[in-house]
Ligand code: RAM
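Just one chain follows, in the form predicted on its own, and it is written as structure tokens.
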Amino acid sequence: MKKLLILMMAMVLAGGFVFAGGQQEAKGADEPLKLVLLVKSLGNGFFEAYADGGKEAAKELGNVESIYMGPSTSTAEGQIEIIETLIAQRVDGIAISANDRDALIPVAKKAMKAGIKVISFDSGISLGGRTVDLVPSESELIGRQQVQLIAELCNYKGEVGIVSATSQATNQNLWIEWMFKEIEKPEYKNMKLVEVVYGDDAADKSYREAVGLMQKYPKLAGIISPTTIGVLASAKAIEDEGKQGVVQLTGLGLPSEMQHYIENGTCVQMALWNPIDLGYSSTFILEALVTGKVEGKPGDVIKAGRMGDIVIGEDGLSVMGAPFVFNKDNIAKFAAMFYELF
């Protein structure tokens, strides 16, 4: 029954796949490429946003049918069964947000041996199970953007504190290093990063650290918190201390948690990854690989529509771009997506 359901789902979502003896009918030369976005699970608004991005890219490319698939629950086994079905269907390419970065390698290799281009995105497959692994962003882009966002809010002047996660968090520390490099630019001559404090990704400690910054620096103009727990705690601290509009706030936050604070102006803008952009970029990468525009080697450049150029790096690692910026104009839309995931 489970295999039958997967087969039926594949036929519906693929939009007309016809089977004869378990194989797809021969595809005409003018038929669109069958590119699949295989997500962790179905029935989830966050992942459905990937599908929206894939459809947007397919419309722009003109030679692609974007197919959205996933298991009913977030398991590697469910994804493996779907990939086996897609191999039988002889689709042209699969972009996978993996439930298990190692468990999918054997079936992904089988797909590639069958001539199917395989990439991973967001939640990657380990090297050997894909050609390209698309990650949402990188340390330099994240760190520099955080300073840019707070500078806009503070009119490029004043003291700014940072509420980080733990002092041992490698990613946080790299982002903060880039913040200090970014603020050395001439346009920030009237700004200063005064202190980094650590909330240990605990809501209560992050709250106390944010309050402590405001008390220690009476002229504090802003707080950066590149951690979803920290930025939420900092927003509450700013409100409780009566500093709304006086101490500006930005960071990396979940729209579902920060909607209230963005809509009431406590946190005017913040950033995080946009699933629509990931689905869009993945489709452009797959199309380029399938059509031979690129081979998937380090240094290859993919023209990805509104996302610009995406460069394939060592071991197939590719970076999409700077995190997406959320504000009162778009927060409600994305909050609904993130509520589904978190």
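Remember, it's a predicted structure, so these values are computed and weren't measured experimentally. Don't overthink the numbering: it's just position in the shown sequence, from 1.
As for the form predicted together with ligand RAM, it is not shown, yet the points below apply to it.
- Proximity to ligand RAM in the model of the complex, taken as a non-hydrogen atom within 4.5 angstroms, holds for one residue of Ser120, Gln145, Gln89, Gln172, which is Gln172.
- Of the candidates Ile183, Ile116, Leu149, Ala165, Ala165 is the one whose heavy atoms come within 4.5 Å of ligand RAM in the model of the complex; the others do not.
- Although the partner is absent here, Thr291 lies well away from ligand RAM in the model of the complex, with no heavy atom inside 4.5 Å.
- Interface membership of Lys40, defined by any non-hydrogen atom within 4.5 Å of ligand RAM in the model of the complex, is confirmed.
- Using a 4.5 Å cutoff between non-hydrogen atoms, Gly93 does not count as a contact of ligand RAM in the model of the complex.
- By the criterion of a heavy atom within 4.5 Å, Tyr68 is excluded from the residues contacting ligand RAM in the model of the complex.
- Checking 225-233, 204-212, 104-112, 261-269 against ligand RAM in the model of the complex, the stretch whose residues place heavy atoms within 4.5 Å of it is 225-233.
- For the stretch 36-55, the set of residues having any non-hydrogen atom within 4.5 angstroms of ligand RAM in the model of the complex comprises Lys40, Asn44, Phe46, Phe47, in sequence order.
- In the model of the complex, the Cα atoms of Ala271 and Lys303 sit 3 Å or more farther from each other than they do here.
- Relative to the shown form, the CA atoms of Asn171 and Ser126 are brought 3 Å or more closer together in the model of the complex.
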